[in-house]
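Just one chain is shown here, as structure tokens, and it is the form predicted on its own.
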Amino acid sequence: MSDSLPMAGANVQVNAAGLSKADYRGAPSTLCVGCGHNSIANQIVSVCYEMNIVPENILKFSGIGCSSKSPTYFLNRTFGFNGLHGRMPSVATGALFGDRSMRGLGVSGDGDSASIGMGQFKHVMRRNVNMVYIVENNGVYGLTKGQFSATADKGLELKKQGTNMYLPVDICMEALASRATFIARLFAGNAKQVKEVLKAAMAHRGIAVIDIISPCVTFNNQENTYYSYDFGKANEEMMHEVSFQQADPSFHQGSEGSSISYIPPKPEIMLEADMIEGEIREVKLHDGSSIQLKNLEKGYNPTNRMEAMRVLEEAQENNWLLTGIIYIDPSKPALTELSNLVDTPLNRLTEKDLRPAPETMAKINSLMF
């Protein structure tokens, strides 16, 4: 695929690839109003536009969950595959082997990657598949009435789920243990940082894992939630079950089809000002909760793997959401670079290319008989 396409209309601003920003957008979102996943989709659109990436040169992948619906909302000219729950890494690995000239962009969730898909998550890390792997992390299963995910904090109490008895999985720590070559954690409401780290991830050779904290505005709204939520009960806005009256984006169909939940429209949570190195900042959420963001310190060396483990442990002990690029190793070759592939994409090889020459077969047969 060419890296440039015909210019857009004369009155439309275009990038170096001759494309307008509209060429990178997707379908209208059906996620809850105020969901951070929508903000992430918007930043993906901006990044691809600003980096002059032709949409047809990207392959996008997802599994199951609110997060895995996200690829519908960006890059509608890009081929995508919505796989089985937790199986997105296998689909992505096969597709990127088929044509190593393509860029891979996977969107998953904490349930899709840290529960049913943990085995696949670990192996795509150690193989260093050449793709950006985004985990939109909210600690719950949003499509099935908000059960705990593997990243939910121990002791978390939810109205219909009881109390979580298990310790949480740290996506970044798991990626580091699995030898991923690019690891970052971000907050969906810090648009500038999300955009800049996404650009770095798109330019990385190998697996780039980005754990993006995107709090659920519907279900994960109780006291003591993962990532140091601290709810102000006086300001909490409870959900109400109502009868379906009209087609309205604020109404969310329950997975069982038995009820309709009313989700009051809310603006996306955005930081009022940029964070500086080492800054710790409290961010208030719509339901009255707060999270503690901490930017990496000035002078932090993201190429030191042991230092990455130390800062992750420190952040966990202090209930901080540590944001920024936590670890990067630009020296490790990507999976396709280790595989001695031919220049022609595998999915374009003909039967003549794949079949051994007659003289080769004759030589093999003479050795066997």
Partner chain sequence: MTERIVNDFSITVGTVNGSGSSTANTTILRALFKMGIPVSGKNLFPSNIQGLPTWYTIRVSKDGYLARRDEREIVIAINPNSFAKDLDSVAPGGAFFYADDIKLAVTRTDIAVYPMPIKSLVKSNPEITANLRDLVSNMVYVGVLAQMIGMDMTKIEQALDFHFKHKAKPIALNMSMVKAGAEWAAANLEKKDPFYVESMNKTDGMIMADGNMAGALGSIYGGVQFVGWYPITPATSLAESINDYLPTLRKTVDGKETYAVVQSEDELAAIGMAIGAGWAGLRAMTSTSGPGLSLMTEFYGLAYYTEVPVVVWDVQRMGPSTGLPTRTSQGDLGFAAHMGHGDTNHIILMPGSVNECFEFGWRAFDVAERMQAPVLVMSDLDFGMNQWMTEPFKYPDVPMDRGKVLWEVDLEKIKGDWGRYVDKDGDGIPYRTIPGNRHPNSAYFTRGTGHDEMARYSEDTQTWVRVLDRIKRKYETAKKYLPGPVTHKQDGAKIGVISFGSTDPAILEAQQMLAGKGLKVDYMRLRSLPSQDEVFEFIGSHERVYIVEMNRDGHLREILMVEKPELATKMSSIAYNDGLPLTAKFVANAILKLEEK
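Residue numbers count along the first chain shown, from 1. Rigid core: the largest C-alpha set superposing within 1.5 Å between the two forms. Keep in mind it's a predicted model, so treat the numbers as computed, not measured.
Quick note: we don't show the form predicted together with its partner chain, though the next part is all about it.
Participant: Would residue 37 count as a contact of its partner chain in the predicted bound form, using a 4.5 angstroms cut-off between non-hydrogen atoms?
Facilitator: Heavy-atom contact with its partner chain at 4.5 Å: absent for residue 37.
Participant: According to a 4.5 angstroms non-hydrogen atom cut-off, is residue 16 in contact with its partner chain in the predicted bound form?
Facilitator: The answer is no: residue 16 has no heavy atom within 4.5 Å of its partner chain.
Participant: So, in the predicted bound form, is residue 91 in contact with its partner chain at a 4.5 angstroms heavy atom limit?
Facilitator: Output for residue 91 is yes: heavy atoms within 4.5 Å of its partner chain.
Participant: Within 4.5 Å, heavy atoms only: does residue 191 come near its partner chain in the predicted bound form?
Facilitator: No, no contact at 4.5 Å.
Participant: With its partner chain left out here, work out from 208-216, 169-177, 116-124, 182-190 which stretch has heavy atoms within 4.5 Å of it in the predicted bound form.
Facilitator: So the stretch in question is 116-124.
Participant: Give me the residue from 59, 53, 45, 31 that has a heavy atom within 4.5 Å of its partner chain in the predicted bound form.
Facilitator: It is 59 that has a heavy atom within 4.5 Å of the partner.
Participant: Just to confirm, with a 4.5 Å cut-off on non-hydrogen atoms, which of 195, 77, 281, 154 contacts its partner chain in the predicted bound form?
Facilitator: After the contact test, the surviving option is 77.
Participant: Just to make sure I understand: among 83-119, which residues lie within 4.5 Å of its partner chain in the predicted bound form, judging by heavy atoms?
Facilitator: 83, 84, 87, 90, 91, 93, 94, 95, 97, 98, 99, 101, 102, 119 sit within 4.5 Å of the partner.
Participant: If the two forms are fitted on the core, does residue 22 show a Cα displacement reaching 2 angstroms between the shown form and the other one?
Facilitator: Not so; residue 22 is displaced by less than 2 Å.
Participant: Quick one: core overlaid, is residue 353 moving 2 Å or more at the Cα between the shown form and the other one?
Facilitator: False for residue 353: its C-alpha shift is below 2 Å.
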